[in-house]
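Only one chain comes next, encoded as C-alpha cells, the form predicted on its own.
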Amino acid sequence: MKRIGALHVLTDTVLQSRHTHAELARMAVAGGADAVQYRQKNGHTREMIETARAMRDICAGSGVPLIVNDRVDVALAAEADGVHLGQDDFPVALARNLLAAGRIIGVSAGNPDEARQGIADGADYVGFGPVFPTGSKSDAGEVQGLEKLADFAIAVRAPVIAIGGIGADNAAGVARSGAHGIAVISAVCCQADPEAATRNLGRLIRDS
C-alpha cells in the first residue's frame, strides 16, 4: 500500500536562498512532513541528480517518500520514491511504464476529467489548485477556492492534495473541505523556522 500522506513539503531555492534543498528536506522531515517534493525548474541535470540523491538519503532515514517534480529522468537516476507531473509534462502512462510498481506518481489536474484520466494512466494521487492566490507559481492558473476543492474531492476517487496559497491561517479549512492533504512551498521554505512551520501545519491538519 503506497503511503501518500497528508502533508507534502515542496522544497524551493528561488523564493528563498537561506537553505539548500537538502537542508529544507532535513527540516521538513524533522517537522513531521509526510512527503518531500524536490522542485527545481532549472539547472544542470547532473547537479539535480546529486541533490535528489542527497534528499533521498535524508528522507529514507525517516521513511518519508521523496517525490521529484516534473523530471522522470532525475527520479529514476536518484532512485527517488516517485514523481509529480503536470498536464504538459512527461505523460503519466509512460512514467508508469518506466517506474517500478511501488513508486508513487502524482498528477496535477484542473478538472475531474483530467484527474480521472491521470488515475487511469497510473497516477496514485491528484494535485489540485491553486486553492488560494499564490506567488510561488507564476502560471498556477485561476484561483479555485474551497467550494471547488470540495466538489473536486467528491468527484475524484483518489487522494486529492490541495496546493496554492495554503498556510497556517487556512490549512485546517482546506483539510475540512475533503482534501486528503495539502502541499506547501513558502509556508515552510520561506518561514524563519521551516521545521517548526512544518510541525505546526501538521498539527493544524490533524486537528481539523
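Numbers for residues come from their place in the sequence shown, where the first is 1. Note that the structure is predicted; figures quoted are calculated from it, not measured.
Form predicted in complex with a further copy of the same chain: not shown, discussed below.
Not displayed here, a further copy of the same chain is kept clear of residue 124 by more than 4.5 Å at the level of heavy atoms in the predicted bound form. a further copy of the same chain in the predicted bound form comes within 4.5 Å of a heavy atom belonging to residue 86. Contact check for residue 49: a non-hydrogen atom falls within 4.5 Å of a further copy of the same chain in the predicted bound form. Using a 4.5 Å cutoff between non-hydrogen atoms, residue 104 does not count as a contact of a further copy of the same chain in the predicted bound form. Residues within 4.5 angstroms of a further copy of the same chain in the predicted bound form, judged by any non-hydrogen atom, belong to 37-45 and to none of the other stretches in 54-62, 37-45, 141-149, 163-171.
Taking a further copy of the same chain as positioned in the predicted bound form, the residues of 75-111 that bring a heavy atom within 4.5 Å of it are, in sequence order, 76, 77, 86, 87, 88, 89, 90, 91, 94, 98.
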